[in-house]
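As a starting point, one isolated chain is supplied in structure tokens, in the form predicted alone.
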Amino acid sequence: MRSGRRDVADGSLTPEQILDAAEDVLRRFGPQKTTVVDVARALGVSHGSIYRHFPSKTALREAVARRWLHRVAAPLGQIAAEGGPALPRLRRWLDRLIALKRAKVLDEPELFAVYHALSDDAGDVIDAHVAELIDQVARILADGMVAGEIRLGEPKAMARAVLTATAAFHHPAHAASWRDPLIDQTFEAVFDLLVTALAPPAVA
């Protein structure tokens, strides 16, 4: 097993270097056994150097979780900011969310287990992440309302409903079912129902 030691000078140490090292250490030892001293040792610096950037082990763990969740939210934000019809954009957003979550859970199960444990202890970070996703979907829906593609309503409430309705396909709590051969077919059916529910009422 590689040591992961990086040996950087204390004065040149950056938060990103610390987070990179923390990810490596967490992957090797798990969140319960990893300490700030372990991260410092991997970087070849004193643990005081870590505390200059992150005042506690909790702050460091939350920063790792926040960065991991940002890697999910950032590409989704780009889709939300695109122009064009709302429903195809919503479909692209959901497809991307599902692909990102499946990749992290199914392709890197050990690393995902680490982040899942971190997330359990970082409630505020998770709440902020969910709020960001809701805002992104609300933006898409609001654009659709302006264009007459989406029925009028409160965008954030409707966005929350969209995420709840599709949770089985992207929330990690449902990861065990993602290998079901019918999972994609089921999502198609759910999305069709969403399209019907979001459509503006027919003009008499």
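The first residue of the shown sequence is 1; numbering continues from there. These numbers come from a predicted model, not from an experiment.
The following text describes the form predicted in complex with a further copy of the same chain, which does not appear among the structures shown.
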item: a further copy of the same chain in the predicted bound form: contacting segment from 58 to 66, 25 to 33, 43 to 51, 164 to 172, heavy atom within 4.5 Å; value: 164 to 172
item: H70: touches a further copy of the same chain in the predicted bound form, heavy atom cutoff 4.5 angstroms; value: no
item: Contact flag, T186 vs a further copy of the same chain in the predicted bound form, heavy atom cut 4.5 Å; value: yes
item: Contact label in the predicted bound form: L19 to a further copy of the same chain, heavy atom within 4.5 Å; value: no
item: Touches a further copy of the same chain in the predicted bound form: T196 (any heavy atom, 4.5 Å); value: yes
item: Every residue of R91, A99 and R102 near a further copy of the same chain in the predicted bound form, heavy atom within 4.5 Å; value: no
